[in-house]
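In the form predicted alone, a lone chain appears below as structure tokens.
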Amino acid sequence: MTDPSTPSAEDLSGSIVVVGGGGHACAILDVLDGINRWEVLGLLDPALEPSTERYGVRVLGGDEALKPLVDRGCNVAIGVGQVNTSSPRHALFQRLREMGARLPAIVSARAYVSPRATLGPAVQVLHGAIVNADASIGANTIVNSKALIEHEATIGADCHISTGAIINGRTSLGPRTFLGSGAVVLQSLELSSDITVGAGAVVARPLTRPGTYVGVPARPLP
């Protein structure tokens, strides 16, 4: 059997590895198990001991194992989440793009994505989420469990739409937006880049300045 951590002519386009070993990686492995589209080779994380197991899959190594897999056509899923900042996830995405990695959108079998919606590379749609008609989701964005993206909404790159959050129709979110659990953005509003909306907040007007907004209606933190 060929060791996937070493270069080979073997085609791995039907396989996938998850980069990262924390909680978000666990969630992505669960989604991958449910869709059964790729063979999951294992995890890559320099903080974990190679050849051990985490979440029931093998740890293949760290950065040294990544490039040989990419060169053999292996798909890559980003298992790094986004809470306080999008920077680590974005930096990993950029590095993988520069390597030429295959970064497919990953959609849970228990989610609904309209065939008329558009998903960028490395988008992840988790269990119970809904992405409705003519919505557009930018690269490397997480649509977490039970989130709702309504018709004609536009979500920028490197965003995280947290559990149970609702984005109503024709709303536009700029890059690196974080929407906390249960937050709501009303219809036809525009949010600029680098905005954080706290859990349970309701955005009832356009937000044009980067910052953190909380409450009902959402207001900037002092």
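The numbering used is simple: start at 1 and walk along the sequence shown. Computed from a predicted structure; not experimentally measured.
Separately, the form predicted together with a small molecule exists; it is not shown, and the next lines address it.
Enquirer: Taking the small molecule in the model of the complex as the reference, which of S86, S108, N75, N144 has a non-hydrogen atom within 4.5 Å?
Expert: Spelling it out, the residue with a heavy atom inside the cut-off is N144.
Enquirer: Please tell me whether any heavy atom belonging to T171 falls inside 4.5 Å of a heavy atom of the small molecule, as the geometry stands in the model of the complex.
Expert: Flag for T171 set to no.
Enquirer: Does the small molecule get within 4.5 angstroms of any non-hydrogen atom of R176 in the model of the complex?
Expert: No - in the model of the complex, heavy atoms of R176 and the small molecule never come within 4.5 Å of each other.
Enquirer: So in the model of the complex, does S181 come within 4.5 Å of the small molecule, heavy atom to heavy atom?
Expert: Contact with the small molecule, yes.
Enquirer: Counting only non-hydrogen atoms and a 4.5 angstroms cut-off, does T163 reach the small molecule in the model of the complex?
Expert: Looking in the model of the complex, residue contacts with the small molecule include T163, since a heavy atom lies within 4.5 Å.
Enquirer: Among 60-68, 155-163, 27-35, 47-55, mark the stretch whose residues have heavy atoms within 4.5 Å of the small molecule in the model of the complex.
Expert: Careful reading of the contacts points to 155-163.
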